[in-house]
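Read the single chain below, which is given as structure tokens and is the form predicted on its own.
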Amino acid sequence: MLSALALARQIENGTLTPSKVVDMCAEAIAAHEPDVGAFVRVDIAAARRKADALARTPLHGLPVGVKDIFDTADFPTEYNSKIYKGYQPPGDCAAVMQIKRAGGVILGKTETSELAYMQHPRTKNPRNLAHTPGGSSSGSAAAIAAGMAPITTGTQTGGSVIRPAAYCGIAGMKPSYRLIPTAGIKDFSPSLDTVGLFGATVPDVAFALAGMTGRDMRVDRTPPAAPTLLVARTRVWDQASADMQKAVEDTARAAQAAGARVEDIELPGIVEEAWRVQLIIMDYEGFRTLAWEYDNHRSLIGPVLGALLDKAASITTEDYDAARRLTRQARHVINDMLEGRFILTPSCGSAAPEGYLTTGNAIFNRLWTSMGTPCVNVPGIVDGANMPLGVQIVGRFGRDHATLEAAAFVETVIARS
């Protein structure tokens, strides 16, 4: 994998040029893209031409892969949908402009599930090509794991950043809701959709987020302090595999031995209930944000998304409004609970499933997306079959830097143990 932070340091000290990094990406794409299928399209020549002039910017001219639901002026944006084949937006979305203003170079567009739902794309998991990379940010996670790019973008409505990161054995972050603007990105559920980032390690993701947002997010300058971790064995704990449960338990013990304060907690009932109603909010809004596609091109929508939209048509406004009210109340409760503390919980139920019938289950992610909290997948653990597992660090809304610091601490602990 390519470490964005390590590459940036080499560019800073003059031992590497951004265009050489583009060449490194090109070599990896040539070697792995035919098998992995992470990209919809790339433009190596354009990235190489632009890169060196950006060496002294926050992102140092590093190449960035962009999920193909982000509008881009330089590339078609097709949302992996037959409806939008060949569609060329007239301009870049806000998040892509943040990347460009920070000195990132758009390398290409990465594969996504159809309209960012759960229909499996052509992408395979670089850790084992017989397994799913997760979704819907499938190509973005796979591109990092295969060393094709040092930074990629994704979105999360249920678990579309954290789960692919865990399945592919990389770091991924879903920041606080709306930290990165979603204007110009194809909506699914505006109350939930959140832009996220992928990198090789937690410090790499923090570096990318700092550059993109102009905020103090880096975690590489001083050793992170030992956090207080709350081990949340939620009501879906029994749906985690034995390996996944052991990963959380072992991480908690290792963190405590390294100086962290570790406590077992039960989530308040209203927070657990917010888990259930997340689907009501997501599906109700999805039926409305995709109204034009559904009403005019139903036959061109794939079977997985089509079935979801058919079912979502029956959700009542009363149920939706009640779900929104309960979610708002739960957010206040969880924010009070997470003042100065962080939840340690599974990133997913197991390692990536074999086959391509599903992109996996988001049951360990949906709650945190609806809470709007920052979440980080911490890599470094494998199961008995040597497939990646991820543990998830969840922080208080708006405390993204502190959450990254806690995740960096846990990542160091995992590496040592």
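Remember, predicted model here, so these are calculated numbers, not experimental data. Numbering starts at 1 and runs along the sequence shown.
Keep in mind that the form predicted in complex with a further copy of the same chain is missing from the display, and what follows is about it.
- prompt: Which listed residue (275, 75, 117, 84) meets the criterion of a heavy atom within 4.5 Å of a further copy of the same chain in the predicted complex?
  reply: Exactly one residue meets the criterion: 84.
- prompt: So which of 243, 220, 187, 250 gets a non-hydrogen atom within 4.5 Å of a further copy of the same chain in the predicted complex?
  reply: Exactly one listed residue reaches within 4.5 Å, namely 187.
- prompt: in the predicted complex, which of the stretches 220 to 228, 147 to 155, 337 to 345, 314 to 322 has residues with heavy atoms within 4.5 Å of a further copy of the same chain?
  reply: It is 314 to 322 that comes within 4.5 Å of the partner.
field: Check all three, 90, 183 and 397, heavy atom within 4.5 Å of a further copy of the same chain in the predicted complex
entry: So, yes: the whole triplet contacts a further copy of the same chain.
task: Look up in the predicted complex whether residue 295 has a non-hydrogen atom within 4.5 angstroms of a further copy of the same chain, and give yes or no.
output: Answer yes; at least one heavy atom of residue 295 falls within 4.5 Å of a further copy of the same chain in the predicted complex.
query: Any of the heavy atoms of residue 307 lying within 4.5 Å of a further copy of the same chain in the predicted complex?
result: No, residue 307 sits far enough from a further copy of the same chain in the predicted complex that none of its heavy atoms falls within 4.5 Å.
- prompt: Any of the heavy atoms of residue 239 lying within 4.5 Å of a further copy of the same chain in the predicted complex?
  reply: The answer is no: residue 239 has no heavy atom within 4.5 Å of a further copy of the same chain.
message: Within 4.5 Å, heavy atoms only: does residue 235 come near a further copy of the same chain in the predicted complex?
response: No, residue 235 is distant from the partner.
query: Which of the residues spanning 277 to 296 lie within 4.5 Å of a further copy of the same chain in the predicted complex, based on heavy atoms?
result: In sequence order, 284, 287, 288, 289, 291, 292, 294, 295, 296 come within 4.5 Å of the partner.
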